[in-house]
Every structure is written in C-alpha cells, then in structure tokens.
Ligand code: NAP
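Just one chain follows, in the form predicted alone, and it is written as structure tokens.
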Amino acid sequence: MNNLDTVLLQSREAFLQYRTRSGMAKANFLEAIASEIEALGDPLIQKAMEETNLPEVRLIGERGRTCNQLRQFASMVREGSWVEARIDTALPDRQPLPKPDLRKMMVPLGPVVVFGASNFPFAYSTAGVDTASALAAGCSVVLKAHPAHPETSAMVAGAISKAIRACGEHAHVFQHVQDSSFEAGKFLVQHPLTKAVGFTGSFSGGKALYDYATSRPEPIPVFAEMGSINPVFILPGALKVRAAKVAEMYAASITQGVGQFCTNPGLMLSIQSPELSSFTQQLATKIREVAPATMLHPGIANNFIKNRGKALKEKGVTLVAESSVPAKSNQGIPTVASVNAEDFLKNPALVEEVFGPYSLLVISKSREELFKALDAIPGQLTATIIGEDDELVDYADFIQRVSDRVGRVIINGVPTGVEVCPAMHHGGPFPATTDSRFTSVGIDAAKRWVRPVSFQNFPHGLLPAELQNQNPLGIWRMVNNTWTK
C-alpha cells in the first residue's frame, strides 16, 4: 500500500495550499472541470454506454446533471455566504467585563476519500456530487474509481487534470485511484491523513467503511448513502378515484432504469379493499408489459436474481406479476409481489432492499395495521403518500410519523427523479445513510466537508479573508447580527 500512502501524503500537501484559495478561484476551477467534461463529447458517452449498459439519452442527461452540479457549486462559492461568516466586534468598554473580538466561519476538514458509485457513472462518480462538493468546500479529493466503469472514470479524471493545469491548482488536489480491492478501500479510510469519506452504494459496503472509520484512533465522518426501499403508502380514497392512473405511474417508476436507483419504490402499502384488488390487477397488467432490460453489470444482475428469488420464497409472499417477455443473460425481470401485513410484521427480511425492478405490496386489514407496518420500516431516503386532499388531512398524524423516518416526503408523486436544487434533501435516517443531517444532492452537500472555527482577538492580517473588516471577497457576512457585504 506504499503507493496509496504516497497518494494521501500528496493529498495533504495539496490541501494545505488549496484550502486558502478564494471563492472566485475555486469557482473558476469547478467551472473549468464542467467545461472539460463537456469537451470530451460523444466518446465519453459511448464509453459509458459500453461499460454500464445505460442508454445514450440517460447518460447525456446525467452528464448534464453532473456539469450543472459543478456550476451550482461554483456559484455558491463565488457568492460566499455558505461559509456562514459571523463577526462580533470587540466591546472593550463593556461592563462588567469587556467583550472580545470574535469571528467564526466554516473551514474545510482536509483530504476527502470518495468512492465512485456503480449506478451513476457521472453524477455520483469521478466528478460527481461528492467530489464537486468537497472541492467547493476547499478539500482535496482522492477518488477511488468504481470497477464497473474504469475507462469512463479515467476519461473524466483526465478532464479534471486538464482543469487543474488550466487553473494553476495544485497537481494533487484531485487524485484518481483504480484499485478494486477491499484492502485498498480500508487503507484509504483508515489512513491518518484522511479526514472524511463519501460513499454511495450497498448497505454492506457503506457500513464496512463506517466501521473502519469509527475504529480509528481518530474517528472521522463517513457520509454513506446505503440504499432505500422508499415506501409508498396508497390511501383508500385515491384508489377509489384513480387506481388505474396510480398503477400506470408506479409500474413506470418501479421499472425505470431497470430499478437501479436508490429512490426506487421497493415497497407499497395499502389497506385491503375491492379497489386495492382492482389496483393490484391493473399494476400486474402494466408490469407484464415491461420487457426485461440489461442491468449495469453482471454482478448487479446476479445479485438481483439471487435476492429476488430469496424474497419470493419468504413466508406469505406471493408473486403478483412479472414481465411476460423472457429475460436474457444479465437482465432484470420486472416483478411485483404481495404479502399481508401480519406476515410482513413478523419478518424483518421483507424490508431488505432488492436492488432492481422489484416491489412488494403489503396489504393491511385496517388503518391501525397500516400504522404498525409503518413502525416496522427503518430509516429511508424517501416515502410517498398517495391520497385525496380530504384524506391527506385525515391522515395528518400518519404523515407526521412518516416524516420522522425519511429525508424526503412526497405527496402524490413518485420517488424516482431527484431534482438538483437547494431545497432538495437526499439523505435519511440510518440505515439509508450514516448521517441524516446532511444531503448528497444540492449545494448543501458541501456542508459535509466543513467544520466551524472561531477566531478570537486575531490581528486582521491573520484572519481568513471572509472575516476581515474590509471584506475583499465581497461575500455576505453577519456583522454584529446584521447581514452585510
């Protein structure tokens, strides 16, 4: 692991220089990365298609999202208020005791290790949101590429290197590591110079990294997104009015991207009724019409086949419908199953994620049993409530309990599709993530990589530029309880 030790030493050296870069300099760097990625053109899309089996239109859209993220972070650091600068000037004549000069702001943690994701080769990988937000925060980044798309990752890493040279940044502010071994991941997390970790992937992978980090002599934060089954609660009134529409909407959401989204609706819950029976039949018809599709790579396809088979063998679980089109090698079979709430409540295995185009319908006998089913569901990224206006009011206490265990509550929509904007929260209570206070989508994602520091009675020349009285960066600051530039 000598080479990885060198990587972290270089990352620390780069951090010591990069952390003092102005918001304008970091903004220019982030925008340059976006431009260099776009300059890779069609060859990048074609290589990603070859390595991930994702369609061209999806990858073009994801590349756009990735570059948009970079430019949003650039705008954030250029404007500057995200550092939460606070200035309370001295009151030397205050009685009975004088008040010192105190100034506070967010400062970067240090070198960040980012693990690229398999299901988003652009948006959550090499130049994805973890890398972009860490660079925006003033941290150096060591990116461990995902082995599912190594050449795609290398091409994006090359674009970042070009931006580094064009902007005159330290050569090691971003470093690209291609080592798929578990030992390499453990070494990077436990290296004493690593100060934080970003991860998107399976529960087993994220929890292992979290355990490595907390067992260090100096524990460090791990921001791991570890999957979610994103429960959907379908209220009786909605089924009476629009069962067919809901069935069509959810057949599409369950199978979108072959179910390979962390926001895939893997669990649906409702109360037994003739309308629910009709909905189930209509959902089954729609699912049968969806053809199997090739998954990201053979490992994910094999896990889907194994976990799908295991889930369908659990006590009380019944196959509702699967695609009527025969599946080929490495394809995910669109599948919906059902189980009564009594069996669901007895079996914790039924809340485990089946990553792929699979969803389980839980049928309760009553509203009270639906509440019990809710209480059996652990922390999630999202939850959705499908209901008519009057019954949403009637279920207000239920909706409040739903919000206690998720990061995003959706009314009359689908969880798939994550808008990249400041109001989006993409996180949730454990086991969805390791820290529900933070998001991995939107500009607030940068808050994962900083901590507050107060500067007391500092000479102005030693203060960070954001805290100096002359405010050379022109950022918004709170000065003695008043926002000013």
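Throughout, we count residues from 1 along the sequence that is shown. Given the structure is predicted, the values throughout are model-derived calculations rather than measurements.
Heads up, the form predicted in complex with this ligand isn't pictured, but that's what we're talking about next.
With respect to this ligand in the predicted bound form, the three residues A208, I300 and E353 uniformly fall within 4.5 angstroms at the level of their nearest heavy atom. With this ligand omitted here, the record of contacts in the predicted bound form names 208 to 216 of 68 to 76, 367 to 375, 208 to 216, 151 to 159, defined by a heavy atom within 4.5 Å. Remark: P231 does not count among the residues lining this ligand in the predicted bound form, judged by a heavy atom distance of 4.5 Å or less. Heavy atoms of T280 never reach within 4.5 Å of this ligand in the predicted bound form, leaving it off the interface. The shortest heavy atom separation between S270 and this ligand in the predicted bound form exceeds 4.5 Å. Within this chain, K144 lines the site of this ligand in the predicted bound form, having a heavy atom no more than 4.5 Å away. Taking a 4.5 Å heavy atom cutoff to this ligand in the predicted bound form, the contact residue among A123, V339, A321, M226 is M226.
When this ligand is considered in the predicted bound form, only one residue from S118, Q331, T194, S253 comes within 4.5 Å through any heavy atom, namely S118.
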